[in-house]
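One chain follows as structure tokens, the form predicted alone.
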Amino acid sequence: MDGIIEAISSFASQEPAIYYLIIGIIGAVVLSAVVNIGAMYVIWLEVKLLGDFSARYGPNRVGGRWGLLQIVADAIKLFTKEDSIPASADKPVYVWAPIVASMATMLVAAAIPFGALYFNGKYYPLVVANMDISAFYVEAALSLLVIAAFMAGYSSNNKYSLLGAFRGIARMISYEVPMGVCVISVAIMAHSLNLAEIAQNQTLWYAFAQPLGFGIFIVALITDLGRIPFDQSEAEEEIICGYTTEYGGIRWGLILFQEYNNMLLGSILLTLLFLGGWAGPIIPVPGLSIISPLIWMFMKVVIVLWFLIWTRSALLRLRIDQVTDLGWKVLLPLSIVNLAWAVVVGSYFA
């Protein structure tokens, strides 16, 4: 490992421009593959678990008994469907809305550590852009999803799509504020805005150090993802499909994938901020000791995903006024209380 690191450092010192270009291309390709394939199997996991929760089979035809390739078949179906654009739509905006949503997701993914490798007593975070302010950067990049939702609803020239977009925007804005305050509270305790450092500085998981902030962040995350009981932009009992009503084929698939990409990234973000990230006992087995942080990270993220899927099957949908009231009148004041708590006791978690 030391030889590989020395070789990369030597190459970087000789040809920095080429080095950064190559690393950037490789990072972008690997990041896109990991996030999109991960989102595909998050969809599979949700369908499979929802089937188990409601005593149904779930996917079991394509890819063996567990239907592991069903989501691949669905992706191929979406790619081959007819791509139609409403005649009265604002075509440039209509076309770019799914692309902006996907770009926002990739911008978020670039700054989130997906785990770490352990070697010679040190952790090496697996992140494309290890920024000093990655926590704030992620919050800023997430705000682009509001623009994408408005673009999709407005450009469709459909009043139901526009209403769905407004409901989605009201939901996202009202919960991104308390979510951001919770991120600030965590940063105060960790004395850092770097997500990798926040994960590594948790001598005590912040889920226990900030139980109020942990609960607020979970509710805000579920709401920001637009999942039950907070999915007002799309209601399953309605004929319409929110701001994606006029979308079909691969464009609709891109928006769907963006939602599950964000579900995966949100679960990773929750793990990094409150559940110690990749922290866990190093497995004393040759070969496994290096990747043991990845194993712990994977297990924690799967548990968070299971919880998010369980809420969809267990809870009832709220009205939009109930959702906004909960965000502005309950969660925001509580997040400020949690911020004060973090300021007071933050010095004990240095």
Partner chain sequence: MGISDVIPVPVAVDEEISKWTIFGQPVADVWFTTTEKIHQIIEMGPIKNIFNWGRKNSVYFLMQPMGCCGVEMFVFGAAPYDCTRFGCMPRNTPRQTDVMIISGYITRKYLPVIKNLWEQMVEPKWCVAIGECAISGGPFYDSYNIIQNTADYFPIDVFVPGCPPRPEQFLEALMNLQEKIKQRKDKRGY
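Predicted model, so just to flag it, every value in this text is computed and none were measured. Residue numbers count along the first chain shown, from 1.
Quick note: we don't show the form predicted in complex with the partner chain, though the next part is all about it.
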Within 4.5 Å of the partner chain in the predicted complex, do we find a heavy atom from each of Q70, D74 and D83?
yes
Quick one: find which of 118-126, 89-97, 203-211, 273-281 has residues within 4.5 Å of the partner chain in the predicted complex by heavy atom distance.
89-97
The one option of I26, V62, I303, A33 with any heavy atom within 4.5 Å of the partner chain in the predicted complex is V62
Please pick, from I184, L162, A141, I169, the one residue with any non-hydrogen atom lying within 4.5 angstroms of the partner chain in the predicted complex.
L162
Though only this chain appears here, would L221 touch the partner chain in the predicted complex if you measure heavy atom gaps against 4.5 Å?
no
4.5 angstroms heavy atom contact with the partner chain in the predicted complex for Y154
yes
Partner proximity in the predicted complex: S134 to the partner chain, non-hydrogen atom cutoff 4.5 Å
no
Please determine whether G215 contacts the partner chain in the predicted complex, using a 4.5 Å cut-off between heavy atoms.
no
In the predicted complex, residues of 28-57 near the partner chain [heavy atom within 4.5 Å]
S54, A55, R56, Y57
